[in-house]
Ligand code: ARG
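The chain that follows stands alone, in the form predicted alone, written as structure tokens.
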């Protein structure tokens, strides 16, 4: 969200595009939308590995493991979805998006780590520019500082920085992927942002925020680790926070689902500002 707010301040056109997208999403909700009937879309995806050490230059097998995981998550075929608490099982939704790896770039850098300032996306600052970001999802995999797992650019921002950045220790399900972030869910979460999903707590600590999704209960803040259900905040009992949602901060093994209303947000982004991906 720090990167998002910085872009909103620096690029008035980004702020305007986000407002148009919210209006389009609202119209889509009001006119009705059957997520089960939307077309299956394959997103051409590029992985940009930026590394300083041999360990950080992750293997092709590790990259493939990430695609296997996130394709299950976005199609709601992940086996652990069955662990969703009973009140929400009917909300588990297929986004009808799948991701195809079409290109891997490998860039050796002298930088020990990157932050949220998009330096990894520019050759002049130790990284590499995105490949055809209008038509391809770009994923950068690199060492991130400060315990950061990843960050993403919301739809409508500058092409030169468009895509998702993920820590090499939280990418895929093998190799350098470390417990508790070793099931590929960091990419699932960040790609959710890339398609205009917000954190389920609305990024405020006092119940006043909103993720603009009707079927995710309002909650006070992020959940961490592997909570026991229910966790009740913001008068959202008896079921409490939907901490099993991919857009919370729980461990990979504790998140299993997107909801139907989240699918509406993602598919509206795909049909509008991210239409070049189709």
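Residue numbers count along the first chain shown, from 1. Being a predicted model, the structure only gives us computed values, none of them experimental.
The protein also exists as the form predicted together with this ligand; that form is not presented, and the subsequent description refers to it.
This chain lacks the partner; the member of 126, 157, 150, 202 within 4.5 angstroms of this ligand in the predicted bound form by a non-hydrogen atom is 150. The partner is absent here, but in the predicted bound form a heavy atom of 186, alone among 138, 186, 196, 109, sits within 4.5 Å of this ligand. Listed stretches are 29 to 37, 244 to 252, 43 to 51, 58 to 66; the contact stretch with this ligand in the predicted bound form is 244 to 252, by a heavy atom cutoff of 4.5 Å. Contact annotation: residue 181 falls within 4.5 Å of this ligand in the predicted bound form, judged by heavy atom distances. When contacts are judged by a 4.5 Å heavy atom cut-off, residue 190 counts as touching this ligand in the predicted bound form.
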